[in-house]
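The chain below stands alone and is given as structure tokens, in the form predicted on its own.
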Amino acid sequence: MIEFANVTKEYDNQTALKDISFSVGKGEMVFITGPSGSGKTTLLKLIYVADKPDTGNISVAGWDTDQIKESSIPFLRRNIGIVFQDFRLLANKNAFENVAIALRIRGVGEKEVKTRVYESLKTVNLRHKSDSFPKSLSGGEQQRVVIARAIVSEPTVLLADEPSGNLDPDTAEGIMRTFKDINAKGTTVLIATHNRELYRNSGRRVIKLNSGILIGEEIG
């Protein structure tokens, strides 16, 4: 589902990732971990083609991202849901509208939009908050709206960048249960985090980065 082969990425002559190789199979849930500046966010950006590698090859859901045409990137991204640490919710739109945006951009009919948005909100246990605006939601609830937005298009791959960064431990644990439920339905999930508690005793693969180098892998 995701494969990196000898990938290197530099910014202003500073190496963000160096000769990275790993693969994530369909339906897996894998963690990418390392301290701040280790290359976790860069790695995710390369997967959804916000950037391209300087050398090496990346394959995502059957697409070779180093060879993809600019016009085809939106089609690749339809396979990918993204959960950002800073939420990026629109303050002037309620939970329903924030989740619906991803579908309306693609021209999905309103009847289907309604069905899929409510189903996504139900998945994250926020169906009852569909009319609530971000400022009235807790941090954990906002994060779950972000997850609902990420999964409403039924992506095959879900990426999460430090999803517990702004949350207390109990709320973070609840968010992880949501990710596990989504993964159990067949979605490939890749979570970048420096928080060891997210993957401790998870039984999942943990890929470890440090200063842009893949230094090892373990089972959480």
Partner chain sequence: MSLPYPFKIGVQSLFREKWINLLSILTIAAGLLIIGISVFVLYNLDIATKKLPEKFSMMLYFNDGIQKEKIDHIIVSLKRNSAVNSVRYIPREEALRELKATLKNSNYIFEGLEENPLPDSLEIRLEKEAVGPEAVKKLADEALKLKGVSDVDYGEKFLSTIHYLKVGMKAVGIVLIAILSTGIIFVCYSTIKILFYRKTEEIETFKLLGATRWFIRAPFLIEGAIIGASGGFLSLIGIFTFYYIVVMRLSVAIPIFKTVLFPADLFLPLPVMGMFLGITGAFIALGRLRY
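The term rigid core refers to the maximal set of C-alpha atoms that superpose within 1.5 Å between the two forms. Numbering follows the first chain given and starts at 1. As the structure is a computational prediction, the values presented were derived from the model and not from experiment.
Unshown form predicted together with its partner chain; subsequent notes refer to it.
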{"item": "Residues A5, I47 and A61 all lining its partner chain in the predicted complex, heavy atom within 4.5 Å", "value": "no"}
{"item": "Its partner chain contact at K135 in the predicted complex, heavy atom, 4.5 Å", "value": "no"}
{"item": "Contact of D170 with its partner chain in the predicted complex (heavy atom, 4.5 Å)", "value": "no"}
{"item": "Proximity of I82 to its partner chain in the predicted complex, heavy atoms at 4.5 Å", "value": "yes"}
{"item": "4.5 Å heavy atom contact, R144 to its partner chain in the predicted complex", "value": "no"}
{"item": "Which of 158-166, 32-40, 184-192, 47-55 lines the interface with its partner chain in the predicted complex (heavy atom within 4.5 Å)", "value": "47-55"}
{"item": "Residues from 66-80 in contact with its partner chain (non-hydrogen atom within 4.5 Å) in the predicted complex", "value": "E70, S71, I73, P74, F75, R77, R78"}
{"item": "CA of K93, rigid core aligned, shift of 2 Å or more between this form and the one not shown", "value": "yes"}
